[in-house]
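A lone chain, given as structure tokens: the form predicted alone.
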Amino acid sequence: MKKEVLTTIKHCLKAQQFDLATLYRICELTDKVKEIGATKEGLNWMATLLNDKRALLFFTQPSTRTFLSFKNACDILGIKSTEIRDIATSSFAKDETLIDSAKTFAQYVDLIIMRLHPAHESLIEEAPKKLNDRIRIINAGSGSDQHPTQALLDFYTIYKYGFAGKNIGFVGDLQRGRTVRSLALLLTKLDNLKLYFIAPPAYQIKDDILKQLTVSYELVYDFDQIIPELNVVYMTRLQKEYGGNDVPYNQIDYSIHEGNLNKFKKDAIIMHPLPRGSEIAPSVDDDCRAKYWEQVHNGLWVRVALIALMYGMDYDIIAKSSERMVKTLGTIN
């Protein structure tokens, strides 16, 4: 394992900011908050942790899973939240700059969770430098570049099954897939694994990511041929909403279906950031190797853990406080 040092999380802006020690801190805390949240008493207790905080979910790009995940993560921690999901508001109609809008929002809340259209994504880097020091910023998906919290929940999902010696394959539209970009950058923190980027030439991962990788990797164009070598398969859909690529894409060649499911290792795991298209047949959902619904569940608790850490609530603090609660209530093992 590469030697890393613990760092403080003030903002969550990009995958590259996380060292390995911090990634494991998040994974361990996620385990703990999931355990506590398994009971009504535990949920009630967690709702007191940050009940003095307020959050704004500033989502100018369409979102369902990420929005609901963050909304519920805030609820679990007792954070009161409001939302802006439409840029056709009076401030935008009056040509207010994004940074002025952010400065305004910062007068009302403590945490701003941003999912921005590509035309606005520069605000994610700019805001932490311009806003009050007490404000925390989370990047909930910026254009086609980064999606760090999705990468954290993906990292956690693989962590639950072990990293050592794994061959991890990314499949599909890798050129425009921000979840792939972010997760690949997290996985480069590890040793003893290999990444396979499996896509048609016109949809392959971009060089800017490959140049940052310090783990072994390979570009692959034949999915069915490489399937038996993979321990983790991370499927992606065609990212048509970003445009910029009209090269024909034969979806069946980069999909999982009854015809190739028997080629997977018995202990392989199949992942997908969702939403899916035809790249995973619905019949695959019943296979024990399908873990994408587990990913969704993990996403809620990873985001709970991340926000808690951003406000100084590390594993030890949560564990000791919950132990006191257990002694009082006698309800959580």
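Because the structure is a prediction, the values reported are computed rather than measured. Throughout, we count residues from 1 along the sequence that is shown.
The next section is about a form of this same protein that is not shown, the form predicted in complex with a small molecule.
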item: Listed residue that, although the small molecule is not shown, lies within 4.5 Å of it in the predicted complex (heavy atoms), from 68, 274, 47, 290; value: 274
item: Proximity to the small molecule in the predicted complex, single hit among 231, 255, 150, 157 (heavy atom within 4.5 Å); value: 150
item: Listed range touching the small molecule, judged in the predicted complex by heavy atoms within 4.5 Å, from 101-109, 175-183, 202-210, 122-130; value: 175-183
item: Residue 85, heavy atom within 4.5 angstroms of the small molecule in the predicted complex; value: no
item: Contact flag, residue 237 vs the small molecule in the predicted complex, heavy atom cut 4.5 Å; value: yes
